[in-house]
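The form predicted on its own is given below as one chain in structure tokens.
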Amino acid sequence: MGIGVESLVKKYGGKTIVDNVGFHIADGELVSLLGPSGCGKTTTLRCIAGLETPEGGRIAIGDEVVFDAASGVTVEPYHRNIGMVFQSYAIWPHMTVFENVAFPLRVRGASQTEVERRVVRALDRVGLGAFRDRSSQQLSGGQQQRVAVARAIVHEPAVLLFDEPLSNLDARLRDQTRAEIRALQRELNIATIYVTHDQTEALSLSDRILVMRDGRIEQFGTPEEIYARPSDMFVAEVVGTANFFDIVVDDAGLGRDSGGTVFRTAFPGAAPGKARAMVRPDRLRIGADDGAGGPNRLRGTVRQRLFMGGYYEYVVETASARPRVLSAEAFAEGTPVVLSFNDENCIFLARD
């Protein structure tokens, strides 16, 4: 089953938090809602879950309409076939691991045989089969998160909803759990919405990313599309790290910075006038200054070098900017260098 949202509106005290949002998620697809705090992503998720009542719009889970402002349809949360993992996990401290996971089945009136079968299967899926009788107070943060996932999937929901489920974990455990969530979602093959403000989570987990800003959808596309071709400055900064160069675009579609460097892009259509050229740090090549000029070649000096393990991170001072560069090549601070990049790795964006 997929998820369909049309013209969704949610207000708090007269302030519009979700402003005419609409999208569709296919069965088996994982879509991340990405954006800064206050952009409306969690409110959108809570409307789908039935934890908030919108002022307008329509929400469908599969063929079932669970909310429709026009016809007055509102299906209660416990009648929506969803599984949800909260940021705080919401694990009951007085219950064992088994009873925490069994709770959604018990409130649905499942038999003890069915409860046993499904809980054991869910715990095995998240690697906690040996923890079934342990008190939830004896679990680590990562184990609590797995219990929350097992509880969300135990009743075989039509869709899964995640509300920043990894924000309370340390970096290493976050990386491991992220991979486990993606593998589990693929195994279950159900429509999933994952709310996050972490661009790494969104890029690595998602089939598509929906970037939100001030309650509206800014861009909706694959991680590769949004990373390589952001629609504007906001998306470029929210998804990945970006270098920006102030340029002036001429009638031929070429850009020039204050140092006279020519910027060329494979994506024409930028209006003549002031703009910004965006190039990702990993798309810049760094080499020794050979004195040669030409489009998409910036001469500069290494001002900072940080060893990151498998690569170096540089800050290079050019005539018009101080871009960051990621490279395995080693250059000492103070070395004259040339930065170069391909036309398809340069995007012209309007200045905010």
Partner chain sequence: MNGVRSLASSERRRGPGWAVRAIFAATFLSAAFLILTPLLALLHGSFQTGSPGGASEFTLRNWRDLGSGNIVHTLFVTCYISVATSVLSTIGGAGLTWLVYRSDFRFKKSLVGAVGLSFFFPGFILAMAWVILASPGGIFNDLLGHVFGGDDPVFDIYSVSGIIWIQVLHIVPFAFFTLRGPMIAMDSSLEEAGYASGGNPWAVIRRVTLPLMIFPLLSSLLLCFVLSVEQFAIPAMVGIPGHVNTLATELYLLTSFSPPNTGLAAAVGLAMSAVTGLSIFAQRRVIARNTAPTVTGKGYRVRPLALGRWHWAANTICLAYVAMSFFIPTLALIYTSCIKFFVANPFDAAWTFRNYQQLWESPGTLRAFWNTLVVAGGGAVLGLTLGTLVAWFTHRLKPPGYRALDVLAALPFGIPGIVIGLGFLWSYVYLPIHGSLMVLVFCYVARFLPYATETVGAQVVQLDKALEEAAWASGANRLVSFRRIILPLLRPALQSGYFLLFIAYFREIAAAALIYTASTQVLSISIWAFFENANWGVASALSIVATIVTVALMAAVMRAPLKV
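Just so you know, these numbers come straight off a predicted model, no measurement behind them. Positions refer to the first chain, counted from 1.
The following text describes the form predicted together with the partner chain, which does not appear among the structures shown.
Inset, instruction - Name the single residue among E114, E225, E237, D175 that comes within 4.5 Å of the partner chain in the predicted bound form, judging by heavy atoms. - result: Of the listed residues, the single hit is E114.
Inset, instruction - Name the single residue among L139, L160, I217, A110 that comes within 4.5 Å of the partner chain in the predicted bound form, judging by heavy atoms. - result: Selected option: A110.
Inset, instruction - Pick the stretch from 229-237, 75-83, 119-127, 184-192 whose residues have a heavy atom within 4.5 Å of the partner chain in the predicted bound form. - result: Of the options given, it is 75-83.
Inset, instruction - Indicate whether the candidate residues I91, M95 and H155 are all in contact with the partner chain in the predicted bound form, with contact defined as any heavy atom within 4.5 Å. - result: Each of the three qualifies.
Inset, instruction - Please check if R106 has a heavy atom lying within 4.5 Å of any heavy atom of the partner chain in the predicted bound form. - result: R106 belongs to the contact set for the partner chain.
Legend entry - the partner chain contact at R146 in the predicted bound form, heavy atom, 4.5 Å: Contact with the partner chain, no.
Legend entry - 4.5 Å heavy atom contact, R46 and the partner chain in the predicted bound form: Yes, R46 sits close enough to the partner chain in the predicted bound form that at least one of its heavy atoms falls within 4.5 Å.
Legend entry - Proximity of R151 to the partner chain in the predicted bound form, heavy atoms at 4.5 Å: Yes, R151 lies within 4.5 Å of the partner chain in the predicted bound form.
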